[in-house]
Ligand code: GTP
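Encoded as structure tokens, the following chain is the form predicted alone, with no partner shown.
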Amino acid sequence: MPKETEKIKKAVIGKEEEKEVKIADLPGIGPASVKKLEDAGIYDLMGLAVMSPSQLAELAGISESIARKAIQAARKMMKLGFSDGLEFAEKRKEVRYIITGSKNLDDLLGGRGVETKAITEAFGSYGSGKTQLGLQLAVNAQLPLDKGGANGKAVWIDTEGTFRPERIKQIAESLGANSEKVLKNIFVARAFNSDHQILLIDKIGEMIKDGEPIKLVIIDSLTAHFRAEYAGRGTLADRQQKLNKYIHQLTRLAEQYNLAVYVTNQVMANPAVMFGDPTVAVGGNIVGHASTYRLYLRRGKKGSRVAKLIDSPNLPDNETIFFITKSGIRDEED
């Protein structure tokens, strides 16, 4: 009997150890400070651990010495530091994939589609299929894991008025899914300027904290507001700095919550290119370096679309074709 008691005791202790540590558990961080941090978009230990003592002191209304102790405690709990390659490989097993609807496109992206903990960028001129791919992914993210989905919900940040519920219904019905339920699992927000667009990222963290199983964030398009609000060479540095900060927020969101980020990007013609395709993505190297996978989409022959992978940490440059059909993104026309 004492052995059984010991087993139960150990099981209880194990469960207590697994209990999620919250910001309120840190030394010197009371309910009032937690409220101030949440108002500033800081909901978890990771958000606090990467702050400086002066930043935390200002946001939480505490002294720098208390802020320093809280940050040190958060970093210790989060085990922020180096890990060996084997440990990192083990963490990579958490990565999930969302199929695109086209096997050709999935193969181009490594065989399984768009991955979580990463930013996938698609750029191209209007009509190249960027938004259509986003709509397909918003549906496919809800599929179970064994069907190529992430078994979660999607968020659509709309900067250009491109979200179409009727198209979602078409794609859902072609998969035999309940279109009303599929639409219910997509959260849509219309961003009216760049500041609003940035604010919505904080809202996503809040929703996840409240229990929403969000596994995909779609931004269509990433650069539209930044491009419109910062016109001319004189404002280029300010625009790039703001855009850089925003993309790093997206990267942290993807990594922290193991979700996929799919962004569309506008293009412009590079006047310095005399021969070949002068099309380049807006945002320059800031967007280029931050995106894990970069796809260049364009119209092909006989109604097809061409997808070219131009940047990836582990895949070769390559291209493939796909079609936009009534059923969604496919390898062949209906």
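Note that residue numbering follows the sequence shown and begins at 1. In this text the structure is predicted, and so the values were computed from the model without any measurement.
Although it is not shown, the form predicted together with the named molecule is what the next lines describe.
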Just to be sure I understand the contacts: of T116, T120, Q132, S194, which is the one whose heavy atoms reach within 4.5 angstroms of the named molecule in the predicted complex? Q132
P213, G110, G127, P165: which sits within 4.5 Å of the named molecule in the predicted complex by any heavy atom? G127
From the candidate stretches 299-307, 43-51, 58-66, 22-30, select the single one in contact with the named molecule in the predicted complex, where contact means a heavy atom within 4.5 Å. 299-307
Residue-level contact is defined here as any heavy atom of the residue lying within 4.5 Å of the named molecule in the predicted complex; does Q72 satisfy this criterion? no
Classify T320 as contacting or not contacting the named molecule in the predicted complex by the rule of any non-hydrogen atom within 4.5 angstroms, answering yes or no. no
Taking any heavy atom pair closer than or equal to 4.5 Å as contact, tell me whether S312 reaches the named molecule in the predicted complex. no
Contact with the named molecule in the predicted complex for Q249, defined as at least one heavy atom pair within 4.5 Å: yes or no? no
Within 4.5 Å of the named molecule in the predicted complex, counting any non-hydrogen atom, which residues from 317-334 show up? I324, T325, K326, D334
